[in-house]
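Below, in structure tokens: the form predicted alone, a single chain.
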Amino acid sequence: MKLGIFGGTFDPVHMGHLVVAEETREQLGLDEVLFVPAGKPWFKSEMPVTDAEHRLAMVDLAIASNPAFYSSDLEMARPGPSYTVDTLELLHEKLGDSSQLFVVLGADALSELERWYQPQRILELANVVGVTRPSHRSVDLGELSKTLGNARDRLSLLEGPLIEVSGTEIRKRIHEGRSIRYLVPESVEGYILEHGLYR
């Protein structure tokens, strides 16, 4: 099985996330894409983050209509900071060698992979796929590979749809009382309103 692992804060999950996940699934021929909301994102330790339960609930609503999309509370259930390498270790133990793992992330995050916790081990456990976005169109994979132990065959960059949506912008719009219609799925918009998030 070819499994995509799409991690992130998802605060909130939005149409940009869904488009990237579907594009990656199609281009790489993935059987499934697993959305893994971070419990306590280490890179946002100084920033307020919405409770993990709300973020997971919104992901579940957003992906409900896609039979190839699933969610996992792996990182939420684990105490301490959320590290991709720990999630991959757990998935590798659970699924064994019969599954090929693909970490899906934005090209901006891919360009900073060397700053992640145990990046070499991440590349031993999975392929890492960056998806371009309007604000970040390219990554020097050769240069990145040199800093990560010449793992060029485990790194790739996909051309993503030119959609620029961010959780920061969505939270700002809600705080200002502006519309978020078409930026998030209708079910997610309803959940945000129902629970008074980002006010």
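Nothing here was measured: the structure is a model prediction, and the numbers come from that model. Counting begins at 1, following the sequence as shown.
FYI, the form predicted together with adenosine-5'-triphosphate isn't displayed, but the following is about it.
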Taking adenosine-5'-triphosphate as it sits in the predicted complex, is L113 near enough to touch it, meaning that at least one heavy atom pair lies within 4.5 angstroms? no
Does any heavy atom of K40 come within 4.5 Å of a heavy atom of adenosine-5'-triphosphate in the predicted complex? no
Using heavy atoms and a 4.5 Å limit, would one call G106 a contact residue for adenosine-5'-triphosphate in the predicted complex? yes
Using a 4.5 Å heavy atom cut-off, state whether G7 contacts adenosine-5'-triphosphate in the predicted complex. yes
Just one of A151, L158, A57, I163 has a heavy atom within 4.5 angstroms of adenosine-5'-triphosphate in the predicted complex, so which one? I163
To verify the annotation, which of these, S65, T168, Q27, T147, has a non-hydrogen atom within 4.5 Å of adenosine-5'-triphosphate in the predicted complex? T168
